[in-house]
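Have a look below at one chain only, the form predicted alone, in structure tokens format.
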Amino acid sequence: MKFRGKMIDPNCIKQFIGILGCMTKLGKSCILRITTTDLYFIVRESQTISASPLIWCALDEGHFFSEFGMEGLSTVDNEIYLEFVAENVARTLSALKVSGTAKSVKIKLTKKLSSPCLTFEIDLPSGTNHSRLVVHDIPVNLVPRRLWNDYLEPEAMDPDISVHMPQLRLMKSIVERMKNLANMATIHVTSEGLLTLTVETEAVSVTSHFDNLHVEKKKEEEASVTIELKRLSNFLGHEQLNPQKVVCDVLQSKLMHLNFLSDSYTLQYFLPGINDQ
């Protein structure tokens, strides 16, 4: 198996850093799926109050990479699945963020000391006319073919109501304050474009209202789901990805689905509802 990609556009490099950072903060391990047309980041995390959320991100190869080549497992299964530990990426991300003026970033599947690695080669300008090359090797595990079905693209859901999210930074600040009161909150949306977020304790009940939101789809007049505030807060902290829009799908009592939409990528976050005990 072979993989090599090169990014030279500063905006693409910055956006790629942001997406990779988002993935590593939302889970302890991440799957990188490489195909001939797209890169996918997939995160599962089980250490939560509720059932495991799932993050699914698809990046358009043609947008991000000026050079791209890959050879998968076989001509029939022409894909590559790699697993890496999130904390191992932190040093690479730090170098990339510091190097906001990187001339290029190359990513390659390599073998170091007989172990597979995802190698980042960051070409940095120096004080002279010369370049400075920073290399980071991230250990990876090759995911065997028999496990690929565990990381299939999520099926399209049929929500009760879909609305455009309010400003993420504003909602993030409200969720942060609510976290001081409770671990869980109930999100409620209506067919008229009203979204409320409510926390209730024995001592207090607090509700935030967001109205006049664009309704993308409605099957019911209203829908609500109780979700874990910590996980929602972590996801809302990535407004720097600058999506064109963020759609919130709610399936009554079962699921909150957030979808970051852009011309170059899509990022989906599935947050299962917490059943009342």
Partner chain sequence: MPHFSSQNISVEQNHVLMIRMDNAKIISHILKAINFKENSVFCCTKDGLKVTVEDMKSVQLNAFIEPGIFQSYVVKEEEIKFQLNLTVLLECLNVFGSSGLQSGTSPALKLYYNGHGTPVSILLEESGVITDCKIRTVHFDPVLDYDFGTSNVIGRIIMSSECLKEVFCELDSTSDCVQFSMSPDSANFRITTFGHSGTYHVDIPKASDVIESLRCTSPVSFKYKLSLMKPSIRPLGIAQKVSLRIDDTGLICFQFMIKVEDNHNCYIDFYCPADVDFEEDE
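Keep in mind the model is a prediction, meaning the values are calculated, not measured. Residue numbers count along the first chain shown, from 1.
Form predicted in complex with the partner chain: not shown, discussed below.
Residues T101, S126 and I138 are none of them found to lie within 4.5 Å of the partner chain in the predicted bound form, as judged by heavy atom distances. Residue contact with the partner chain in the predicted bound form: H209 places a heavy atom within 4.5 Å of it. Although the partner is absent here, L113 sits far enough away that none of its heavy atoms falls within 4.5 Å of the partner chain in the predicted bound form. Taking the partner from elsewhere, V76 is found to have every heavy atom lying beyond 4.5 Å of the partner chain in the predicted bound form. Using a 4.5 angstroms threshold between heavy atoms, L170 counts as touching the partner chain in the predicted bound form. Heavy atoms within 4.5 Å of the partner chain in the predicted bound form belong, among the stretches 150-158, 68-76, 198-206, 118-126, to residues of 198-206.
For the options L93, I174, M184, I187, the one in contact with the partner chain in the predicted bound form, meaning a heavy atom within 4.5 Å, is I174. Put simply, of V143, V134, L194, V89 only one has a heavy atom within 4.5 Å of the partner chain in the predicted bound form, and it is L194.
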